[in-house]
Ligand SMILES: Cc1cc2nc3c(=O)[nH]c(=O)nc-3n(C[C@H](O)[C@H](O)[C@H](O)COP(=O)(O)OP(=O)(O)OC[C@H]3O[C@@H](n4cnc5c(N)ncnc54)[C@H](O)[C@@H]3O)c2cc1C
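Presented below, as structure tokens, is a lone chain in the form predicted on its own.
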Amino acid sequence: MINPHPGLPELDYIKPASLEEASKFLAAHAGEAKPFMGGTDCFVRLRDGAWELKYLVDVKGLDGTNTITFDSQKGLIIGAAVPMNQVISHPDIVKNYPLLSEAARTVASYQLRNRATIVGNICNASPAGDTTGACIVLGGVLNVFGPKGKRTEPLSSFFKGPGKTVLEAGDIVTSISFPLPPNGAVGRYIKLGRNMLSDLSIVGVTVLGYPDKTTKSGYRFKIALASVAPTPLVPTQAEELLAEKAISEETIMEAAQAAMDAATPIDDVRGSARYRKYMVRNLTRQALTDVWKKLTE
């Protein structure tokens, strides 16, 4: 039960000297310790009693977690502790990954984004995560350090349910890597909330489109939906329609309908399932239309 009288509990703050030390401690204290990066969700859950921990393990600054690196041949790496405001304003991201900057700008307030991180947004595994869709369509891959060493985790298989991922005790996500975007790529993120700022998404639609001569339409569109399924949702049938049929208003509407049909939202205090499904259709149509217009300018 959520504590009706919130207050931060007493716990120990652990500052390891290396990823190896941090991973060993987390594995040895499974269920009572968690890694600490930005802390924007961590402290709220501790305060409200949703988490009962004995230890917070500060992994900021270890093995590139605080840095952004861009290579014109290899792509982008964002450290797990890099705050979102730094992502939003970084010149290489603004120039080469504007969709990521656009999505990050919709998260909460400026003050919160000084602490919140892209990797933290992903690892919370909230179906409403604002930056998760951009990370999916841009081909993001998580870099993980665990008890058995380093490995990568693609986002396509990372999420297992609300708040659940493939991460195990001792695992620490150190960064997220992105390949170079396809030539001519155009992105759009549309978030529906109860207000213009700070609110969680009722529905979120991310679209990335780019020329692709291997498809019948000559274009490929990547789509990711938020807040309409237990995990971030990729409506593959909608993507296939846009690859197979000539792009037109009718094709875009058909794809938007396919996205709506793929969604399985729930009723909650922010919106009904029925409302969410129809807004998936409307917002997907709008996002696809906006991207298509930019592609054909």
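Owing to the predicted nature of the structure, the values given are computational and were not obtained by experimental measurement. In case it trips you up, residue 1 is the first one in the sequence shown, and so on.
Keep in mind that the form predicted in complex with the named molecule is not shown, yet the notes after this line are about it.
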Worksheet item: Only one of 245-253, 229-237, 41-49, 261-269 gets a heavy atom within 4.5 Å of the named molecule in the predicted complex; which is it?
Response: 41-49
Practice prompt. Verify the flagged residues 36, 106 and 171 against the named molecule in the predicted complex: is each one within 4.5 Å by a non-hydrogen atom?
Written response: yes
Discussion item. Residue 129 versus the named molecule, in the predicted complex: is there a non-hydrogen atom within 4.5 Å?
Written reply: yes
Worksheet entry | Close approach of residue 124 to the named molecule in the predicted complex, 4.5 Å, heavy atom | yes
Discussion item. So, residue 199 and the named molecule: in the predicted complex, are they within 4.5 Å at any heavy atom pair?
Written reply: yes
Practice prompt. Mark residue 241 yes when one of its heavy atoms lies within 4.5 Å of a heavy atom of the named molecule in the predicted complex, and no otherwise.
Written response: no
Practice prompt. Quick one: from 141, 180, 167, 190, grab the residue that has a heavy atom within 4.5 Å of the named molecule in the predicted complex.
Written response: 167
Discussion item. Give me the residue from 116, 136, 87, 99 that has a heavy atom within 4.5 Å of the named molecule in the predicted complex.
Written reply: 116
Practice prompt. May I ask you to list the residues of 208-238 that have any heavy atom within 4.5 angstroms of the named molecule in the predicted complex, in sequence order?
Written response: none
